[in-house]
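Starting off, we have a lone chain in the form predicted alone, written out as structure tokens.
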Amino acid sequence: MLQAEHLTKRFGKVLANNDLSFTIPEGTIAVMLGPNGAGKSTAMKSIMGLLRHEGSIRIDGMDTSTVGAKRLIGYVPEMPSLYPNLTVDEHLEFIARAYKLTDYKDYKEELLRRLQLDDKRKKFGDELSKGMQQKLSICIGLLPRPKFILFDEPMIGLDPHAIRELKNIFQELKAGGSSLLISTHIIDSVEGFWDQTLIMQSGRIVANVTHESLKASGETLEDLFFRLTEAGEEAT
């Protein structure tokens, strides 16, 4: 379980995250939905410990800044950060050694095959197209089999096959007990498989809803999103 309490992040006079508090249970696909500049990526980086922040963020009771918590978290950033002089294969082998993985080779091959990188394994990071770099970044984030995984705009630049495979992977991770937090501003990309949605606007969470509660209300996620972000309303 991930629990954030009063997460606040300032960049000078800009309040990028304003007192965010939320909980994501185990086996949950959660979505952080909001327009560009809403503070989604800042929250993601704070959870990963890449930014100093106010408030607390814990996974399974451990502060996310601790080594124990970091071993449980995977991260797929919005912009892939690859080593230009490492091949696709070498990137994954580097991660395997960093995490001291032992039984990973079959899973590595499965990821490469499903994301259509198995014939690109000898290509260097700077030789890959943007879409292929994103696919490799996904493989890197998934290889250690983290318990909690952050995906920041993961479908940007992906082809239709990769989007379909990634959605299938989301469902498989959930079935295996992992929790996911997916940041996006494209509502259609998450329709049909989310359990919980956090809608952000101007650095604040203006709604925290479950799929069941929204369905019971008779409102669509798209309708709720535009009602809140365009009218400045708030729901819990």
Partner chain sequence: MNLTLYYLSHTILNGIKKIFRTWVAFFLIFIVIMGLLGGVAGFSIGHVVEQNQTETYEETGSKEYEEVTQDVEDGRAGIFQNEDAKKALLALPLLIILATFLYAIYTADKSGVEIFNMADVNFLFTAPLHPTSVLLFRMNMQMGAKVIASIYLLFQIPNLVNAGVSIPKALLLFLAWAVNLIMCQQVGVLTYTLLTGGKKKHLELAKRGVIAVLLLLAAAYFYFYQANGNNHLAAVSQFFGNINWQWVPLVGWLSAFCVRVISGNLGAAFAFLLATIGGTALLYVLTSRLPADFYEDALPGAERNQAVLERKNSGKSEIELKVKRGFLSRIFVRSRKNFSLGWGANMFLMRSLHDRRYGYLLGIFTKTCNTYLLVAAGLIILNQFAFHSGRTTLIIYLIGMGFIVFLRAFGNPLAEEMGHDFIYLVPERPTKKLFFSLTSGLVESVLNILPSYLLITLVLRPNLPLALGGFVLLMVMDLFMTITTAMISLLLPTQLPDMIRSWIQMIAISLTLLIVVAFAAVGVFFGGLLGSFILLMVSMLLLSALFFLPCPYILARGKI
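What you are looking at is a predicted structure, and each value in this text was computed from that prediction instead of being measured. Positions refer to the first chain, counted from 1.
Not pictured, yet referred to below: the form predicted in complex with the partner chain.
- Annotated contacts: Leu143, Gly157 and Arg164 are all free of the partner chain in the predicted bound form [non-hydrogen atom within 4.5 angstroms].
- Of the residues Leu51, Val190, Val209, Val206, just one reaches the partner chain in the predicted bound form with a heavy atom at 4.5 Å or closer; this is Leu51.
- Contact with the partner chain in the predicted bound form, judged by any heavy atom within 4.5 Å, is made by just one of Lys174, Lys45, Arg58, His185: Lys45.
- Though the partner is left out of this view, Arg113 does not reach within 4.5 Å of the partner chain in the predicted bound form, counting heavy atoms only.
- The partner chain is not shown here, but in the predicted bound form it comes within 4.5 Å of a heavy atom of Asp126.
- By the criterion of a heavy atom within 4.5 Å, Ser81 is counted among the residues contacting the partner chain in the predicted bound form.
- The partner chain in the predicted bound form is approached by Lys9, whose closest heavy atom lies within 4.5 angstroms of it.
- Residues Val67, Lys70, Arg71, Tyr75, Pro77, Met79, Ser81, Leu82, Tyr83, Pro84, Asn85, Leu86, Thr87 are the ones in 64 to 87 with at least one heavy atom within 4.5 Å of the partner chain in the predicted bound form, listed in sequence order.
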